[in-house]
Ligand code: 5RP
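Read the single chain below, which is given as structure tokens and is the form predicted on its own.
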């Protein structure tokens, strides 16, 4: 199974998993990226079964609206039943690296709000240890130099993502060369650097379920 078919299988499996939990007043959280786009397409087939969606990016909001799904501002949602999103890496403890698309802050906020977080990936994303994928860190622009020096002090090689601005008006440093032995501790340490908005380690907000699409179908971690 190629990557796109594996992602599509995981996206449809997530739709099937959450469908019995949907109610007329339910709000579904949706992430950002190629796998999340496939989930949005699958979710559109059951849009009559829930009230609205909240989104982690402007791009996902537009795709939801094209499908006729009502999108709420997160502050207007009384509760978010479930959040479904992809990941760039997932380790055996279900800790993730996210943010390759630059929406990590909003993704982490929606994940923290949702009652359940379901992660959908293809079989290239599970790893024994996080860090081969460069870790995105969202930074207030004036702090870019300071944060880069602090990240280098942690053993990483931060690279400024040229020409990219997040939906929040900030910049991204992609940190190469990290071997993340303790994702919980490193997530906290990086978030305490002045000027960091958040980083792409999702350990405090691990998903309850990870669905992995591959040649043998979809496996649940």
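Since this is a predicted model, take the numbers as computed values, not measurements. Positions refer to the first chain, counted from 1.
Below, we refer to the form predicted in complex with the ligand, which is not included among the displayed structures.
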Open or blocked: the ligand, posed as in the model of the complex, superposed onto this form via site C-alphas, with 3 or more ligand atoms within 2.4 Å of backbone or C-beta counting as blocked?
open
Does at least one non-hydrogen atom of residue 157 fall within 4.5 angstroms of the ligand in the model of the complex?
no
Any non-hydrogen atom of residue 29 within 4.5 angstroms of the ligand in the model of the complex:
no
If we define contact as a non-hydrogen atom of the residue within 4.5 angstroms of the partner, is residue 114 a contact of the ligand in the model of the complex?
no
Residue-level contact is defined here as any heavy atom of the residue lying within 4.5 Å of the ligand in the model of the complex; does residue 34 satisfy this criterion?
yes
Ok, 151, 87, 95, 82: which has a heavy atom sitting within 4.5 Å of the ligand in the model of the complex?
87
Would you mind checking 88 to 126 for residues with a heavy atom within 4.5 Å of the ligand in the model of the complex?
88, 98, 99, 100, 101, 102, 103, 104, 107, 125
